[in-house]
Structure formats: C-alpha cells, structure tokens
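So this first bit is one chain, no partners, the form predicted on its own, shown in structure tokens.
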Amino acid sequence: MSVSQGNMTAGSSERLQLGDLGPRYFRLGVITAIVGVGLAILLGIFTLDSIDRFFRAYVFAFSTILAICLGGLFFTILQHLTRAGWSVTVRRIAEALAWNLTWIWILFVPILAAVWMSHIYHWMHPEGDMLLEHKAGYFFFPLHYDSQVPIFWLVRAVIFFAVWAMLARFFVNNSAAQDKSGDPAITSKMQWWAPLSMFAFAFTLSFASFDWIMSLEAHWFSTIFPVYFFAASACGFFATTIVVIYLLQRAGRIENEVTLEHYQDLGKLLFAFGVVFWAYIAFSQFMLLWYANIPETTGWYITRMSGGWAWVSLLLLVGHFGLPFLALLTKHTKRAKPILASIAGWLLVMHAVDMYWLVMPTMPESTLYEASTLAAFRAEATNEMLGFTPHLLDIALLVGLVGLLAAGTVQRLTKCSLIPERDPRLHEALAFENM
C-alpha cells in the first residue's frame, strides 16, 4: 500500500508506521520513568534535609519537558498559520510532542503540593514584606493572602492547561482524521484557527513562565522573561525533533519522506531559534537589567555570576551559543545526519542546563543587599546560600520525567502514521529542495 499525492509517492505503509517499535519504546519510557522517579523519591527521603530542595528540582525537571511540548505546539500552529508545505513530513513528530499537553497537567500536581508544603514559592508568605504584599493580588485575588489560597494563580494554571490541551487536541485530532478521510477542508479549518491559536499560545506561555518559574524569586521581575522561555522551548523542540527523526530513520522508518533537505531546514531552525535567537534574548535581558542597575533586578544575575553558578553561566555561553554557533554555521553539518543529530543531542543537554540555571539558584537577599561591592557579596555568599548544591536527585527526576515524555510521545505515534499521509500539501514536502 502506498499513498500518492500528484506524481509523488510516500513510501510503504510499513515504513510509515511505528509498528513493533511502539510497544518496545513505550515500555522503555515507562521503565525509565519508574526508575528515575523512584530513585529520586528515595534520594529525597534519605539524603535531603529539606523538602524545598526536592520540589525545586521537580520544578526544574517539569519545566524542561514542558518547554519541549510547548515548542511542538508552537511549530504545529506555525505550519498551518504560514500554510507551509515543506514541513508536512516532519510535522507529525511535532504533533506527537504537543499531544503530551493533553495529560501533562497530571505532572503539575507536585508543584501544587510545593505551594503549600514548601517555601520555594515565598510569595505564599508575604507577611511583613512590603513588595510581596503589594504583589499579593496577582496571586490571591479575590481573597486576601491570609487565606493561604492563591485563587487567581490556581485559576490561571487551569486556564493554561485547558488552552494547551484544547489546541493540541484540535490540531492533532484533525490531522489524524485527515489521514482517513483525505478531506482538504480539514486543512482549511486548521489554517483558519491558526492565528487565534497562536495568540492564545503566546498569552498562556508568557503568563505560565511568570507564574511557575519567574515567581520562584518573586522580588525579581523581567518583562522579557517569557520570550527567553519561548526561545528555550524552541531550542528543546527542534533539538528533540532532529534526534527523534534520526532514530526513526535508523530503525528503517520514514527514510524517503524526510530527506537531507528537511534536515537542513530543521538545522536552520535549530540554529536560528535554539542558538542565535536564544543568545540574542539572553543578552538583551542581561544588558537591559544590568545597565539599569536596579538592585531588585541585578541581584538575579549577581547570584548566577557567583560561586558555582558562574561556571554554569560560562558553560551556557560556550556550550549553548559559542560551539553550536560555529558547528551549525555551515550547511554541510546540517546535511550530515549523524553530525546534526549529535549537535541536536548536545543542545538538548544544554536545554536542560539552561532550565537548571533558571530554576535552581536562590538569591540570598540579606547578604546581597548588605554587601557594598560585588566582591564583598561573593566573599560572603556560599554555594549553599546561592542554591548551588548539585545532587543526583536532579538527574533522576529529569530522567524520570523524560521517560514519561518519551512514553507519551510514542503512545501517540502508535495511533497514527508517522507522516500526514493525505495532507493536500504532502507533495510539496516530498519534492522539497533547498535553494
């Protein structure tokens, strides 16, 4: 059986299905999740003195996989918004990653527990802090913070997950339905809703990054922070997509449908969003806040330029920007599958390091505001005060949640073809060539 569009043919049905790889990869993902999360819980019970440390590590792991899923949703919407043809054969991977947004709210439950069981979200206890009391309405409205119930924050979380799940279901289910019916009107419907969907995506991603990551340091603020998180999401998604497609082709799937031309374009997008745009936004945020020299904003960066975090910052500068920039500058590395997949794998690691750098540092505010110079602060601030306490728990939680992400993605891919077989623009993707 083959699927034809015009004069182009998209392989055999066997190569377009995950087949026996599905149950195998799904079991591997589930086992990885059980081992990773189980080990993390044991390490938390027997090696940690504070539950705060466990929950902060969980926020890091959750943010890492959430960013990849949101990147998949962004790419899916964008392709319909721009009526792109070249990307049809790689879009199904994005849809499968985005599909995880229909159930990922379950993984948010420990973060809800963290709000009441730990002190990592210190805006829950604003008493005596004039700035946090002033911001309390953003979290507790219409109740007073004495209620200990952040109604407004909870309502927003429900809205975010509902919007993401609705968008993922709409685009993924319609794409799968078109495989059966071949109705081109389905594509027109998705194109019609794409602009509104992109606005909803941008709005929810922005406020989710404020609520769940930036509010870990509620005294600090940055209006460019959501753009930074979006850049990280794009980096994580494009890197994941390249690795997944490479592994699928190594297993004998979609070998003819995704060509070197597609690898080159995915490499371009990884270079543009995951390296250059990420670095541009990272520098823009740093430059604007550092130049303004306001204690409430510069303290966030001073923390990340001190102690062990200074080395992590340097690693991101070199490993997330410098080396990948040089490696992806030429088209030859983008067209060499093993090399591009290796670069993408490296950037996936850097994506995790980036999320770790965002979530884990803690600002020792009393030491920060009492110090007269940067050197004096660094002399007083210990790694423990700065939150630089790397632990095997961090890796275990990340591995566990990545296992769940893999299992969810594989489970979705087992229910459909690996490419949109009857998309009206399939012939454009199969005939695609870079200029």
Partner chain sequence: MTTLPTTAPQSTTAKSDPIPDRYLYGVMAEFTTPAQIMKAAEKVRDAGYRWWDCHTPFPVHGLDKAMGIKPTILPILAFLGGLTGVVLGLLLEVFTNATGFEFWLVVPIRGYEFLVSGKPFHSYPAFIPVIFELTILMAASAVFFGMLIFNKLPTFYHPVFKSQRFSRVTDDRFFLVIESRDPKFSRQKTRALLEELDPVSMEELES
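Positions refer to the first chain, counted from 1. Everything numeric here is computed off the predicted structure, so don't read it as measured data.
Not pictured, yet referred to below: the form predicted together with its partner chain.
Of the residues L260, I111, L315, L329, just one reaches its partner chain in the predicted bound form with a heavy atom at 4.5 Å or closer; this is L329. Checking W220, W86, Y246, F286 against its partner chain in the predicted bound form, a heavy atom within 4.5 Å turns up for just one residue: F286. The closest heavy atom approach of F141 to its partner chain in the predicted bound form falls outside 4.5 Å. Residue contact check for T82: none of its heavy atoms lie within 4.5 Å of its partner chain in the predicted bound form. Shown alone here, S181 lies farther than 4.5 Å from its partner chain in the predicted bound form, counting heavy atoms only. Not displayed here, its partner chain is kept clear of S147 by more than 4.5 Å at the level of heavy atoms in the predicted bound form. Segments offered: 92-100, 149-157, 278-286, 166-174. Contacting its partner chain in the predicted bound form at heavy atom distances within 4.5 Å is 278-286. Heavy atoms closer than or equal to 4.5 Å to its partner chain in the predicted bound form belong, across 290-321, to the residues W290, Y291, N293, ordered by sequence position.
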